[in-house]
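Here's a solo chain for you in structure tokens, the form predicted on its own.
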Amino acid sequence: MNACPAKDSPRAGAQRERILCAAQKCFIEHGFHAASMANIAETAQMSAGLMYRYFANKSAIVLAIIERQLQEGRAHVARLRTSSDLAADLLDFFERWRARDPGSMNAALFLEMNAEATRDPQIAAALRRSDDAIREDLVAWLSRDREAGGLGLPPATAATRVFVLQTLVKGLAMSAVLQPDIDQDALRATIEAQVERLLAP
């Protein structure tokens, strides 16, 4: 019997990515509970036995997807820190979610993960860690002196505004799924007004 490939080998990385892409597709199409490990294996075009070499169970796959979401979220934060138009960037996120851009975290999957967190403490903890890490990045940005590219806000004020910003982003993700035909001009005006308040000295 062949030994399992090392976890950090190029082949292992490619196989894990193949499984994660297949799982993401299954979760979006069927939801977490309806999507089985057998479905994921079939979509990945590999045997279930091979898939279990890389992930112990479905929860392990979900946790890996959340980790990928965290990396993407932190990349978005880095982009926001250098943005000259935060409102336009938030609208761009909404458009990508609405269009189901494969290069962005799928909004429906984001909602599925949050729903699953109400039933699975491990997933809930992973989502909290992701939220906390992104919040820390944003608070550090808003607290930084203006000369260093921040807003110079007191840390407590920055933390409150970041909480509102994260709530706004999550609301946009939900709206991309539930209200994809929302009036764009009205949405733009609302986001611009909220961003102006959030970034005020």
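None of these values were measured; they are calculated from a predicted model. Counting begins at 1, following the sequence as shown.
Only in words, not in the display: the form predicted together with a further copy of the same chain, which the text now covers.
The chain is drawn here without a further copy of the same chain; in the predicted bound form, the stretch among 59-67, 161-169, 137-145, 37-45 whose residues come within 4.5 Å of it by any heavy atom is 161-169. Among heavy atoms of R100, some come within 4.5 Å of a further copy of the same chain in the predicted bound form. For the chain shown alone, F93 is not a contact residue for a further copy of the same chain in the predicted bound form, no non-hydrogen atom being within 4.5 angstroms. When contacts are judged by a 4.5 Å heavy atom cut-off, T118 counts as touching a further copy of the same chain in the predicted bound form. Mapping the unseen interface onto this chain, Q184 falls outside it, with no heavy atom inside 4.5 Å of a further copy of the same chain in the predicted bound form.
Contacts between 113-135 and a further copy of the same chain, taken as any heavy atom within 4.5 Å in the predicted bound form, involve N114, A115, T118, R119, A124, L127, R128, D131, R135.
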